[in-house]
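As structure tokens, the next two blocks hold two forms of the same chain, structure 1 and structure 2.
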Structure 1
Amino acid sequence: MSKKFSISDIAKELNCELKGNNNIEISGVGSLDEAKEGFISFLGNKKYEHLVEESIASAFIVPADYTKEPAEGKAFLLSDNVDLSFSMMIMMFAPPAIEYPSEIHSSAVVAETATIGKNVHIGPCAIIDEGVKIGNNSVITAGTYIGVNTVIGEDCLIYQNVTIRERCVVGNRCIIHSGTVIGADGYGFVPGPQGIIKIPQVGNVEIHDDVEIGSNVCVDRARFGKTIIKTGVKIDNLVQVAHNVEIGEFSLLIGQSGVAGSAKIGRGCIIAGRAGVNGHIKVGDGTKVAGTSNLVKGCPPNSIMVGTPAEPQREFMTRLTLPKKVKKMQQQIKDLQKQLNDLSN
């Protein structure tokens, strides 16, 4: 049976002000150009206001300062945080979360020396190696490998085909998505007379609480010591975190970004898509590195770094607009020369 909610109940649930028709029943959610009649959509950016007028959705979550009136028969929900409100709206219609039974599947391989907490799920073909410790209520799904002496905290969710190698530590309430590898060897080699010599990578990876790591991410073990992902960090798909890197609390690493060895990323930083951070540099708290930028040297807190090589946003914009300014000045000089020639004649 499909879910339906009255727009009045939704307004109360989302703590939004209701404007317009208060008798609408909402049966689904959708984007402005895909929502159907009876659906609710949202306006996250005012440059798409025209799509609100064109959309056949019955209701819209809009910014609290939105001054337009809803069309006849439709409704607006005025929100202080549109993205958050719409995310809550989606959850109201989301299917129920998968419930994993508290059991070890018959095809899983669990070493006798492993310590398994209460209410733990270990799925088909998972391998739990010697000396592993898994905390209460954690879920290890099908095909995942947990290496020797690795520790997994409580309430973790490790999706299919994840590899967490030896001696790594994962905190509580962490989520790691499919295909990710934690604790592979860092990229350490030295050219020598007999070829390229591998440098042993004998450290580990330490992941603190409430971290979420996307699919196909590589977090390499330290050459010695630790590669550290601190509390609340969220890492997108296809991200590379090299050996001995430290990622500060609540930082965001977006898809295809990469952090080279021994770099230290501060608290609350954003490394945007396909951006790169050079090795052995320190990135100050709250710094934002724009997408596709290449940060080659450290920067102070709250910097906004843009371009390749990355530079402060103000400097980048000055350099970017300089050719236009020079061209304009050239034209002004030509005009002045013409005026001088006219006066001399």
Structure 2
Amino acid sequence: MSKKFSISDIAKELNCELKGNNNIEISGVGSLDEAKEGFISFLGNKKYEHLVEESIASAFIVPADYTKEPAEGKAFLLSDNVDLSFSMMIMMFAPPAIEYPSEIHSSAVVAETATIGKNVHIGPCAIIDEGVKIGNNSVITAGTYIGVNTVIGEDCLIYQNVTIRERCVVGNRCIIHSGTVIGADGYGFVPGPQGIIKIPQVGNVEIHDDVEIGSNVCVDRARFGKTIIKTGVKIDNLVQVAHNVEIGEFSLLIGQSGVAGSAKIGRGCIIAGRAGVNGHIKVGDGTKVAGTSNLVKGCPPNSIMVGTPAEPQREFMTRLTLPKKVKKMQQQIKDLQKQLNDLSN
């Protein structure tokens, strides 16, 4: 990070009002507690306001309605969307992005029947199997496998050592991180006459546009039909999406969460970290399942579900405060007994 920008240039670039010292040179970005002198930081949440005063950073991106004044010699940039402004800020200081030349590496193995779009990068030891279609401007990096007849849209970025099995569909502008497996067989078995018999998993996975999937995620192919990840869904690392699941538009599945077979998750839901959703249930739009909780029944839109088995937040709080209530009741019972004893004597 040896780049430097004047605070007034930054204000222009970010389209933010500048308050305070307009003569600072900014040499880096950092969080409130880690930024150094000459750095710019940001106030994302007003509960950290006191950290602005303690920080040695020289400038701060603050909410547009923030009324305090910057300290002597420091500057505030007033922003309508602090997170977004700070992201732009970070990009100004970021090292150059990795470039993926439009070429098929000589060590890649691309089937003759594959259709490769314009301006596509296929990295070293990547394997593109028979009948695959890859859209324009997409990047398939080193060691990644794309299975028979799978279709990858335009402007996708598939990182290293990803596996996408046969007959899956990935939309446009999708990002899939390393180690992730799309389209492996769903987990389905039936007791048979001589042990356990595998239920064939002959469906596929369909991923719509603008989806991002983290590292070492598993999205299983449907038993029949499709496992569907709709537009704008963002999946964190180590998440399990079982066969025939549907994830609604713009829903978020946070790290290590899991969704069991045939569950339908609505639009704009948040399944927080390490939470689970049982199979064959319907989760209403906008529902939030708290971290580590396990949703065992379907729920209406905009539910907030907590605990295992998950219950509405209010019921969960009742449960959480039981020890206090029980302690109080123990005392009350003692008192009652005493009063009774007094009365009997």
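From a predicted model like this one, the values you see are computed outputs, not experimental measurements. Rigid core (definition): largest C-alpha set, two forms, superposition within 1.5 Å. Numbering runs along the sequence of structure 1, starting at 1.
Review point. If only one of the two is the form predicted alone, which is it?
Key: That would be structure 1, which is the form predicted alone.
Exercise for review: Examine residue 297 after superposing the rigid core and state whether its CA is displaced by 2 Å or more between structure 1 and structure 2.
Suggested key: False for residue 297: its C-alpha shift is below 2 Å.
**Study point:** Core fit, then residue 263 C-alpha moves 2 Å or more between structure 1 and structure 2
**Key:** Not so; residue 263 is displaced by less than 2 Å.
Review point. Against the rigid core, is the Cα displacement of residue 41 between structure 1 and structure 2 at least 2 Å?
Key: Yes, the C-alpha moves 2 Å or more.
Point to revise | Once the two forms are fitted on their core, CA shift of residue 21 between structure 1 and structure 2 in Å | key: C-alpha shift for residue 21: 3.0 Å.
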